[in-house]
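One chain comes next, on its own, written as structure tokens: the form predicted alone.
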Amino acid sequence: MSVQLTKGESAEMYIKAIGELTLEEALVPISTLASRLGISPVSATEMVHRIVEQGLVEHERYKGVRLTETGKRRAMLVLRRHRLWERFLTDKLKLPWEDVHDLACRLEHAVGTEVIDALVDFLDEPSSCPHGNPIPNSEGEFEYSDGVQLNTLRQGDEGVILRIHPESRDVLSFLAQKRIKPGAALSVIDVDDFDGLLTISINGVDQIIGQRIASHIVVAA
């Protein structure tokens, strides 16, 4: 089912995506933002120009975008709503771990502060979403545990999965099928010299995963 967004909701989706991607890069290229949102670079550029005018984003031509302080605070509050809904859908409604990201993308725009405050109390103030990402507090602040992407590890390295970042339905579905989730201990058995495929041992089972999937898995090594 498609959802029609207002201009304000659409802007929130953009700044939330930039906020997520900024955790990895100082400037987010327009092409990366477009890929994250599943739209064309032309459409992304048009929207970026609009939210620049709103004072939410700074744009360096040919380099990318970053959030202003105002944009960063607003993006973190959208992330707060999103990750709280993910927690509710997983913990209370028992919906599949891999499905709640897309559902939360709809719900994050649906209610006001009073409902989110009640949701926080109902969930007993969770600190992270089901995928391991921190939930910002009401001031838009959060603690971020250091980690490295799985695809940077080498043969013999060991670690514990901290989070899946950034999240997407295809990535989460693949990981759910493999039973690869935060909290699991893993070890790298082999990294193929030709194509970079990683053989890892996790939950007592050997798994083979590619570089793209491995780049979404953040590990405390």
Partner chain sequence: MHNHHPSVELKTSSSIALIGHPNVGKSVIFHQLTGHYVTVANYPGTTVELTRGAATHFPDTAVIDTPGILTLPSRTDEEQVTAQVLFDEPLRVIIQVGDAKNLRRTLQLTLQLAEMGIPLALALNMMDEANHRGVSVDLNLLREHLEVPVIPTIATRGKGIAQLIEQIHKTQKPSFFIQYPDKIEHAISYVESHLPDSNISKRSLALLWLGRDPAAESWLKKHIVSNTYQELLNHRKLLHETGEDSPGTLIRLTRMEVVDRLVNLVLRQTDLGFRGTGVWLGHLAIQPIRGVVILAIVLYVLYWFVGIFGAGILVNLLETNLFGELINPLVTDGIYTIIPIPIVADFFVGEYGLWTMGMTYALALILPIVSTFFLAFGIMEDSGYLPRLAVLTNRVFRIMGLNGKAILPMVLGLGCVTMATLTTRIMENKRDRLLVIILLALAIPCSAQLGIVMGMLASVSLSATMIWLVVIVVVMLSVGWLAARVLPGERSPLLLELPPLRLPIMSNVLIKTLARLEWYLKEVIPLFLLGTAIMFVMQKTGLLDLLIQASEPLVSGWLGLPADASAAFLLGFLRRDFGATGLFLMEAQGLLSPVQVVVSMVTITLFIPCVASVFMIGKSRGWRTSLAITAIVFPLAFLVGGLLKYLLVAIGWGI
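Model, not experiment: these values are computed from the prediction. Residue numbers count along the first chain shown, from 1.
The following text describes the form predicted together with its partner chain, which does not appear among the structures shown.
Between its partner chain and the residues I30, V171, V52, A184, the one pair within 4.5 Å by heavy atoms in the predicted bound form involves V171. Although the partner is absent here, K178 sits close enough that one of its heavy atoms falls within 4.5 Å of its partner chain in the predicted bound form. When contacts are judged by a 4.5 Å heavy atom cut-off, A11 does not count as touching its partner chain in the predicted bound form. For I209, a non-hydrogen atom is located within 4.5 Å of its partner chain in the predicted bound form, even though that partner is not displayed. Under a 4.5 angstroms non-hydrogen atom cutoff, its partner chain in the predicted bound form has F194 among its neighbouring residues.
Only one segment in the set 52 to 60, 150 to 158, 66 to 74, 186 to 194 has residues whose heavy atoms sit within 4.5 Å of its partner chain in the predicted bound form; it is 186 to 194.
With contact defined as any non-hydrogen atom lying within 4.5 angstroms of its partner chain in the predicted bound form, the contacting residues in 32 to 48 are S40, P41, V42, given in sequence order.
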